[in-house]
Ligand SMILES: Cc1cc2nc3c(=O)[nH]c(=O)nc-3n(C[C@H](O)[C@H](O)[C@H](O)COP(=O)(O)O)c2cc1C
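Encoded as structure tokens, the following chain is the form predicted alone, with no partner shown.
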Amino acid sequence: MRGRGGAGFPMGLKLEFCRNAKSDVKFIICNADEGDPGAYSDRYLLEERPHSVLFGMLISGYVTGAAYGVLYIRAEYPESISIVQEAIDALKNADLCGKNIQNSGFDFEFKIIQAQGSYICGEETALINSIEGQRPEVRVRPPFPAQQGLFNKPTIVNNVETLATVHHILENGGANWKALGTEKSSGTKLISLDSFFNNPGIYEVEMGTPLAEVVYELGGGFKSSVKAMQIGGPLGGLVPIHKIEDLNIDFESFSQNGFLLGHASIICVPEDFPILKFIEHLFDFASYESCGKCFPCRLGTKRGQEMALKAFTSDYKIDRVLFDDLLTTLEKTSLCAHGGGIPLPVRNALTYFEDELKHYFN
């Protein structure tokens, strides 16, 4: 089972690291701070399948020796918070959480934390700082959360969809899960389609499903002309329409083609929307959502936004060498994937929309 939060890190490895860490206190955190624009699969699971998510946390606690589970749910999902709390209360009444669950000697308590709308809190160490009441800044790693996380105790952070898969795997067996999908990307994936599709909504597809099938069969194609899709949130790749036929819904297919599957939300870029304006908006978003801890991200995203805006609104030409140096600096020296990931869609734009962008550069 590979994590569905974006990076695709194996869930079992993470659990094993935490299990092997020596500590009298351990934590399981559900990262439900779903901040990617156009992503709402976590919300669906929290509100329609809350027990699947809670079950995943319970089993994670059982195998690692953790007795505390924290659900960090974004403030924009008030219904999710109340529904999950009702599910927790139901588990408590059935003696399926709390102290000495059904005389098993296993303790597991749930707590909900209501997030406050900071995009960077989707990054696991910033999320941990937020729970502790600190400024939500990214931590330097190592140490990794599995060894030293919440209150410096071993901590597992998994996203909602990752945790929700555990029940299926335990009920049907690992071989059943492995039989779904591809060799390196097993199982299924939830995909969020935005309102540019004729059939917008959430779809669950087997890993390895052609992107063309998702776009044209499930999504029913586009309501109006679209020139690109940003898949996987603001840090996801910018996929031009002509590349749809080359991609499958799995981590390797996207990576090999220079994109990122991520959370698998799909946002469409209309035919008449200027790509430079899209780049400027990406940098603007990244700058005001930066935690500010590292210089490359805090300063670099703002410089990128300023250059793009100046070129778009005046006769200023962006120095291509300087711009490429900025992107490389962000990629290689940012503390986390926020600053390190923003260059990906920008480089995609420069590659696939060069004719549209070339007169803005020298």
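Numbering starts at 1 and follows the sequence shown. Computed from a prediction, not measured in an experiment: that's the story for all the values here.
Just so it is clear, the following notes concern the form predicted in complex with this ligand, a form of the same protein that is not shown.
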item	value
Answer range among 269-277, 120-128, 212-220, 185-193 for contact with this ligand, defined in the predicted complex as heavy atoms within 4.5 Å	120-128
Heavy atom within 4.5 Å of this ligand in the predicted complex - the one residue of Leu309, Ala337, Leu327, Val63 that qualifies	Ala337
Ser80, Thr165, Ser253, Asn159 - the one with a heavy atom within 4.5 Å of this ligand in the predicted complex	Asn159
Contact of Gly35 with this ligand in the predicted complex (heavy atom, 4.5 Å)	yes
Non-hydrogen atom contact Met207 with this ligand in the predicted complex at 4.5 angstroms	no
4.5 Å heavy atom contact, Leu235 and this ligand in the predicted complex	yes
In the predicted complex, residues of 2-35 near this ligand [heavy atom within 4.5 Å]	Gly3, Arg4, Gly5, Gly6, Phe9, Lys14, Asn31, Asp33, Glu34, Gly35
